[in-house]
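Next comes just one chain, in structure tokens: the form predicted on its own.
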């Protein structure tokens, strides 16, 4: 085994949370390593919509969003399984940007600033002994005072840490699949849509370069009853919604095979486990129906940075750092995640989605509070 130099912080996962955290820590003078199993640029299964709550943070981090000429999104469209539709304003709004572009931009900023970014490096195990972490990745061992888990929806490290959501795989909120395409389609720049179908929902919105992100989530059961054939599932299940039938029937698909991810879990997760601070989806995945996971990833990096900075400056103990982060994370996100789990368990069902949209149309004053509950404040 080759032991790398000791770091102040090792971050497992070079996605939005991991890269933005590494930049903040580096700016404060800490020695940081990021272990990323892939290389940049890369595509990720993601809705690729960022709410405006993250705009100021990204600009501070060095991502010149205001100069990128990205589509500005200010209207939400929802349809039920039969295609009955509701359009409602997004008071805060957001913008569309692909993970291919955003992750690569953050990685470039991190490397330029001096973050040790190890790509094609998959963390396999994390151990904490005598107040020091060791992270095994292939033939290398990284040591650090603090380790952060930013690996997204699921990792082999979750198994090593014996996390509860891994042990309880048979629960209803623990077996979803995600599928993403980039397409060419004359979709309005200002509009993001979530179209329901039996057992799931599909989002579409514009990103850069006149491209649309088409991303859907459904149960593993839907794929199984379709002979484990994605195209067959789309034709027999998704296209029962007339809006999705039109999109799938007329769009130009930019790559032959979609990106997919399986075993997605919406169950409650721990913000700290095995003394590792969890960020983004590793700490809890939010349903796209009631919040913005990309902004949550950025916001969790700010909270983690503040807790880690205080610990490394010896203003707090490790126990206090972990407690401070977990408490702030819970206060900021637990209600949104709880609402997400509730809605996730009911959307994609004809009666419940139709009832929801009907109530929103009948009582339009409820639309703004519902949308507000799904977004956070500028940070």
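Positions refer to the first chain, counted from 1. If you're wondering where the values come from, they're calculated on a predicted model, not measured in any experiment.
Only in words, not in the display: the form predicted in complex with a small molecule, which the text now covers.
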item	value
Heavy atom within 4.5 Å of the small molecule in the predicted complex - the one residue of 46, 70, 33, 58 that qualifies	46
Candidate from 303, 215, 146, 115 lying within 4.5 Å of the small molecule in the predicted complex - any heavy atom	215
Interface membership of residue 150, the small molecule in the predicted complex, 4.5 Å heavy atom rule	yes
Heavy atom of residue 322 within 4.5 Å of the small molecule in the predicted complex	no
Touches the small molecule in the predicted complex: residue 155 (any heavy atom, 4.5 Å)	yes
4.5 Å heavy atom contact, residue 123 and the small molecule in the predicted complex	yes
Proximity to the small molecule in the predicted complex (heavy atom, within 4.5 Å), stretch among 310-318, 37-45, 60-68, 23-31	37-45
